[in-house]
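Next up, structure tokens for two forms of one chain, structure 1 and then structure 2.
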Structure 1
Amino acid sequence: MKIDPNSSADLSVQIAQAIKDAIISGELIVDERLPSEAELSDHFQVSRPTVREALKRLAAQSLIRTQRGASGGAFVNRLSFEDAYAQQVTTSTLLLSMNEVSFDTACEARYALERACAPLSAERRSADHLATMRAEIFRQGQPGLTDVAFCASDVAFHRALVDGARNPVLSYQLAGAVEAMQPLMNMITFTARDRAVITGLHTRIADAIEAGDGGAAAAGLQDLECETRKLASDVFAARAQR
């Protein structure tokens, strides 16, 4: 682990990069303890606060975790699926909210990816996944449900569908696509009629999954995508006119 004393980049950035590289290259392995802050500041010939800023950068990315007390220190963190999932959702959400991505673009990406999960989910889903999907469909039919709660239930339904593929990598990748849409979906007001159409499609998808028919599930998702885009365009058109 070395830094370039001639570089114009901030020291804390350089140090963070050096440690990150060491982790990625395998020089530092999971759960290995990094030198203490005092040792690091000595090694890199910088002050302790500078080292700390570098460590905080890494901690923010879940690359390391710190522990206080004797035999404490900074440890290389095993990036868990949960952590990666959370990061993925945050990044995707911010990306969509900050870049004027059109609803259609986001929607298209989401459903394209989700359709890819359908055949796997139809083949492998557990009874639990199916039960979750049914339960969410039931919830979506309850009167008095707010639009936000309806959207949240929609996300839960789709998560169950994706998780049904029993591929953690796929679930992780889809997390962003599905959840980042929620703020966009929350801008839509769903009439009772809209909800009926959507839950009808959900039922059709769940039935297909239950029957092990991935093609039918994908077709249902296709229709759901059309429906969602139509709904959104109506809402945005009405809003633009006002």
Structure 2
Amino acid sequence: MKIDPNSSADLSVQIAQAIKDAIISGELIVDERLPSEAELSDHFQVSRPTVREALKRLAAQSLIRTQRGASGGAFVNRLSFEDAYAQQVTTSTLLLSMNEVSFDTACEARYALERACAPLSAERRSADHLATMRAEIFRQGQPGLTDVAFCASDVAFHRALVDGARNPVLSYQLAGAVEAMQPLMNMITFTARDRAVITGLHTRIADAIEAGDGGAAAAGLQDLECETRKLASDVFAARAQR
């Protein structure tokens, strides 16, 4: 593990990256104890506070965990897909909000990814996945449901569809698309949409998933995308006339 002391990059960032690279390459394996702060300080020729800051960066990424006591120290963590979901959602949300990503671009990506899950979900979904989809459809039809609650239910419905594919890599990739993009799209379109239309499309999709018809589920998602794009177009046109 090496750093470049002549680089303009922060030393703690370099150290964190060097350790991260060692974990990714397999030089450091899961549950292996990292050298102590003093040993890392000597190895990288930096102060212990600098090493401590690097370890904090790694812990924030869930790459290491710390244990107290005589047998304690910093250990390489086993990162699960579930642990990484929150970071994926946060990163996707920041990327969308801080960069000029058009609505059409976000919409295209989000539905293209979910349509890829539809055939797998139709084939592999469990009773619990389908029950969640049905429960959210019922919730969406309740009078008095707030826009925020409808949005949350919308996300939960699509999350269940994606998770029904039973592919953790797809679920991880779609975490950002569904839980970051969907709320942003809802914020734009909620003032113009007809909930009954959305709920009807959700029902079509759930019926197809229950019947094991992945093609029909994908077609339902395609129609939902068209409806979402139409709503957004109407909203943007109305804003332009103000």
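Residue numbering: sequential along structure 1, first residue numbered 1. Just so we're on the same page, rigid core means the largest C-alpha set that superposes within 1.5 Å between forms. Quantities reported herein were computed from a predicted structural model and do not represent experimental measurements.
Legend: structure 1 corresponds to the form predicted together with a further copy of the same chain, while structure 2 does not.
Put the two forms on the same core and the Cα of A9 is off by 2 Å or more between the two structures.
When the rigid core is held fixed, the Cα atom of D31 travels less than 2 angstroms between the two structures. For H43, a C-alpha deviation of 2 angstroms or more is recorded between the two structures after rigid-core alignment.
In the core-aligned comparison between the two structures, the Cα atom of R68 sits 2.8 Å away from its counterpart.
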